[in-house]
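The chain below stands alone and is given as structure tokens, in the form predicted alone.
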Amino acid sequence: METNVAKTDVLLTNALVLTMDEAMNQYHPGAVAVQGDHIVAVGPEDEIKARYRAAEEIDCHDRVLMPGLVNAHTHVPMTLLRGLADDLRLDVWLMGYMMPVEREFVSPEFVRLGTLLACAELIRTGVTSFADMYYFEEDVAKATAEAGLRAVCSQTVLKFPAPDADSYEDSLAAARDFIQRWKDHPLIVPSVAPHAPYTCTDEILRATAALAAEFDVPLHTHLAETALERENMRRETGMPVIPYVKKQNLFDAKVLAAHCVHIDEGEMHTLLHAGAGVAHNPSSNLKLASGIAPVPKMLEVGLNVGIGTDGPASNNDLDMFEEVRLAALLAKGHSGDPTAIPAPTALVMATRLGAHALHIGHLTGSIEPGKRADLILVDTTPLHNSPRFARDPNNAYAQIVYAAKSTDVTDVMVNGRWLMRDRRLLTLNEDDLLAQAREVAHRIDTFLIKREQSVLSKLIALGGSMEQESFEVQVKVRLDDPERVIAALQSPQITIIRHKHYRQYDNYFFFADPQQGRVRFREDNLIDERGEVAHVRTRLTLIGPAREDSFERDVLLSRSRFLAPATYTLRFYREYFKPTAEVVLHKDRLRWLIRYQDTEFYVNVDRVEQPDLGYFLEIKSRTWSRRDAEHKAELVSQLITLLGADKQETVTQDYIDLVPSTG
């Protein structure tokens, strides 16, 4: 009989084994046999011990032995940004804080440290596999493999310059190279991540899908996270998010879709038919007020829905025990149905379904012969988890989901290798990582404190700013009869280069310190010959504190202005800049670019409608030298006379300074 006993490396005995397989088999007392990197047998302890002898037999002391948890969506290097900016809307948090700090600090060294710190947290909290999306993703992969965890590592691609790429083509090339060199790694599944439809172009979505399909690797993206994203997509494309990305061939790839908060049943079926997985991120969605994903309906449809923490900067931890419990409770509270997501289903989402959502279900997610040995032990004897009932098999799942804490995890094995034994990390130096993280936090604090003291720094941090100074020679004259000026522009001494009609809507932000200047958010509506809006442009201008020089006849040389594209909403900038006061100004502008005595000028005939300040003639020209400014000031004075305006009505203030409430 002894000759029929097989040899194996590790035999785990005396455990309550939760296999999380399709049949939801449990064994108590149960045992698991591990050979190399994989599981060779699981079942009742007496049967397994009769069939196997191991080089190392481990008594689990009646702890729960189960598959390691699968974190279906995160950004692990962002552990170094944990707690950086909280209680903000998603766009303010992302565009106003995360991206500026990332542009300044993210490097291969930053990514490596953040990943190792995250891996320590993940191991301690019973996670054996995770799906990541970030920059310098190969450095994420290297650090993850070094720590011994399993991961789908996805190289971010988006339409903006990123910390690791000046263009999306660079990111795409990096993703291709990364995938080619890591495709057969035992722990890392390389992947590509078009960040989201609103940060990618149609071309990026199609190119990344083609790349993922070419190498048969997952494609990781954010879809339908916020109501604003859904509404913008409908307005811009006439269709919801899921049909839009389908039109871009995104589902040619094996998609892992994070969030999917705002999708309907039809979109769920589209995801199902495409074989896509969904990552539900309850804490992040709640913290950023993105909404509550319709997870019960997704599960009913048949989707593979995993659970993720999202990044530590938006959660703010990587604790999957907390996330699993919240996923179960949130569904109950939102639906009014206490059976919406029962404990067994919640735990399946965090294990087997999560692995399938990541497209690695053939490797991990359940305890079955042939799958990788990704296992954890959970102590259910602490005070908060006692006593343990055995009457109903579902009690075991409920105990893990509703009572267990991540600190109850005692041992973690990935790919047959122990990463933690008796709560002691074996592959990472926790104290050293914490010391390095404190130093990074100090440097980021210094950067943000300096930035917060300067409106200009905040503007530049948004990206796209024109940081060079530009001066203007300018004059304003009140008009009683604008038609006289318009007629005078036909003078043979004036050459009209072009003429345009605008409706301009300005919001001025004022700050407690006048030396900060003021920020103007302008929406320019170009009006066509039919009187309809032909084009809309938005722009930010930081107008510095008064630094004007006067020339003869009240012609001014105005100080520098810093310009930036306004790619976000007015509400975003209001929350980002935090002005102490705001003033609205609307005007109708007729603009001519003219040439007078071989010099170009802009001539504006403005009607300031809100508040009602009347009509003005404004003449402007750019300049870079004092001598040129003096020459142009003389020509401006001549133009005032030529256009029939009254020099006695010259105004030496900007429009906003004429508004009574601004002084």
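Residues carry their position along the shown sequence, with the first being 1. Source: prediction; values computed, not measured.
Omitted here: the form predicted in complex with another copy of the chain. The next part is about that form.
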item	value
The single option of 166, 265, 216, 87 touching another copy of the chain in the model of the complex, heavy atom within 4.5 Å	87
Answer option from 283, 415, 474, 541, heavy atom within 4.5 Å of another copy of the chain in the model of the complex	283
4.5 Å heavy atom contact, residue 387 and another copy of the chain in the model of the complex	yes
Non-hydrogen atom contact residue 160 with another copy of the chain in the model of the complex at 4.5 angstroms	no
Partner proximity in the model of the complex: residue 226 to another copy of the chain, non-hydrogen atom cutoff 4.5 Å	no
In the model of the complex, residue 497 touching another copy of the chain (heavy atom, 4.5 Å)	no
Non-hydrogen atom within 4.5 angstroms of another copy of the chain in the model of the complex for each of 79, 82 and 383	yes
Listed range touching another copy of the chain, judged in the model of the complex by heavy atoms within 4.5 Å, from 318 to 326, 176 to 184, 487 to 495, 238 to 246	318 to 326
Within 398 to 413, the residues that have a heavy atom no more than 4.5 Å from another copy of the chain in the model of the complex	398, 399, 402, 403, 405, 406, 407
